[in-house]
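In the form predicted on its own, a lone chain appears below as structure tokens.
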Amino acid sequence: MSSTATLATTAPTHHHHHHRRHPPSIDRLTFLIDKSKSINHLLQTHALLLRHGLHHHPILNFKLQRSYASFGRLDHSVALFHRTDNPTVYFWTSIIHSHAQLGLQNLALMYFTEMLTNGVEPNCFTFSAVMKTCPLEPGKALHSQTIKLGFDSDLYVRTGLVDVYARAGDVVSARQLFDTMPEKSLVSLTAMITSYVKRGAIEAARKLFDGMQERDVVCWNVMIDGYAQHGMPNEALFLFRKMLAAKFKPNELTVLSLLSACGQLGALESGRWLHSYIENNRILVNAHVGTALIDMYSKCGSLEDARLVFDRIEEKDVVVWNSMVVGYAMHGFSQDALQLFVEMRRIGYRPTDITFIGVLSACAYAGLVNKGRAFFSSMKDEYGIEPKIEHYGCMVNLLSRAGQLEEAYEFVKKIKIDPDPVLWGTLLGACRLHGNIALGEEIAEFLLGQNLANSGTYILLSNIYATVGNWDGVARVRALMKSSGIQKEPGCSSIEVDNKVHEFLAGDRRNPRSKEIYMMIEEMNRWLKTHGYAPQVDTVLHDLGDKEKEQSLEVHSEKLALAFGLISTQAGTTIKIVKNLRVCSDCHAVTKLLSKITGRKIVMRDRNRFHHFVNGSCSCGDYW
């Protein structure tokens, strides 16, 4: 009775006593396999097949194998497959597809080879399945086989081939195959766009994207992420607005790219809007999204928001902790960063190399030389973490800030990895700050001799010469820059007002409110003069007369952004500015004084760190 009772729940209800002789119909069993909601359902149906001796039925056997694979139980699929007599091409294709789907490419290729050895000829679906995640070399072999068997013009096969070449970075071959497709599938278009984006050919990717007849979320994501990854955050946000207007529903990947874009721009309002979009659209704030939010808020200058997100994440992993430690350090809130580090270790998290970047930066900003040294040694001794160039950079910064320049220089010379321009830049900047011109020159000569100088190093060296009025030195460096074709990166500052990011270059007059901005600059200069401010003309590095130097300082990009902020926002509100280079000492001094005169908090992010200007002083303690 018990078996009949079980059957009664799973099979159509005939009269009970017919059951032994009337097994459930094939259609009914097919339906049960297809509709299985869980692995247990599937196992019950499988038992039913065995009980009625139907497990060799080709259709049922095939469906069982596929369903087991879809529940991630490849072991059951494989066991059934091996018990199948003379499997047809459909069985082989299914087992190949199941392995490729899970990224088990070597096994997928092994089954493909076995199938050929058994004399079974592949069809277009077999090729399409085996090409998923297939590396380039076996991909080329598969390509020649598709030509031999005449499958290379099939839409699925061709899409798979485009994907193989595009993923491997062979864009030329991918494009050739793509261009000769009679109809372009959505997948092949997305594969091509992805390939261009990876190589940084954003315009080519956008051209294909704009020409697409139909789009899905995947290709929108690829394009938005392309902009975000290649330093074009404004375009990423702009495309996102288009995506919403086209009624597409963003997912976690879209949001991660956009948060990165907002962080690059320092666009706090757009970031906040995105955060509320995430919450209103029930996108889960897991550790991934949480880390991206913390990172975005930190880079946009709002540590309060970053900390709120951090406290709300339930399943924190070490990456979440790291992003908060680094966030505090970036703003010079060293005690908070170190406090968090202590807490994180107490709970039992094991620090990673990223944790130490945060911790060492915190020590550098607070001038904790001995603590920093101790942390640096503990990396290797206690945690077995090999220091990377960034960690050495933090140590150089730490020693330089403390005025221990000779030690810092010796430290750099002993580094096992090749020091990068940022390290040398930190050292040169410190030489200028501490007035150690001799060492500055020695380092610069070394860099020029080793061919290690970049535009930043040249500028710093010419700054060092200019500070002591050595104009011959300045001219020599400028001539060297010219002859090696190095150009000074133009300073650019941006400020977000009413959800729109406004960018300014030095002496810029492109803004529609340009006239008011320059009037505000004059007003700012009057305020500064009444407070006895004298422009720091030594920071202008052209061999100009003092009057021209003063004029050149007035129109630095950060001053224009600040003037725009003052005319565009309510009195008393915080002004946030993002600068692509290190802020110059004159702009730094001016901003400090203006924070006092206007009674506003001004937050500026430059290439090195954050500066919080409040009531005439800066959080960086005038060392940056």
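Take the two forms, find the largest set of C-alpha atoms that superpose within 1.5 Å, and that set is the rigid core. A residue's number is simply how far along the shown sequence it sits, counting from 1. Since we're looking at a predicted model, the values are computed, not measured.
We do not show the form predicted in complex with the DNA, though everything after this point is about it.
Residues of just one listed stretch (403-411, 502-510, 370-378, 149-157) have heavy atoms within 4.5 Å of the DNA in the predicted complex: 149-157. The partner is absent here; in the predicted complex, the one residue of Arg350, Lys388, Arg312, Lys529 having a heavy atom within 4.5 Å of the DNA is Lys388. Site annotation in the predicted complex: the residue of Ser334, Thr93, Ser462, Ser494 reaching within 4.5 Å of the DNA with a heavy atom is Thr93.
The closest non-hydrogen atom of Asn251 lies within 4.5 Å of the DNA in the predicted complex. For the chain shown alone, Leu423 is a contact residue for the DNA in the predicted complex, at least one non-hydrogen atom being within 4.5 angstroms. Under a 4.5 angstroms non-hydrogen atom cutoff, the DNA in the predicted complex has Leu256 among its neighbouring residues. Contact annotation: Leu116 falls outside 4.5 Å of the DNA in the predicted complex, judged by heavy atom distances. Highlighted residues Thr467, Glu516 and Val583: none comes within 4.5 Å of the DNA in the predicted complex, counting any heavy atom. Scanning 110-142 for heavy atoms within 4.5 Å of the DNA in the predicted complex gives Asn123, Cys124, Phe125, Ser128, Lys132 in sequence order. Annotation for Glu304: C-alpha shift under 2 angstroms between this form and the one not shown, rigid core superposed. After superposing the rigid core, the C-alpha of Asp163 moves by 2 Å or more between this form and the one not shown. With the core held fixed, Phe151 shows a CA shift of 2 Å or greater between this form and the one not shown.
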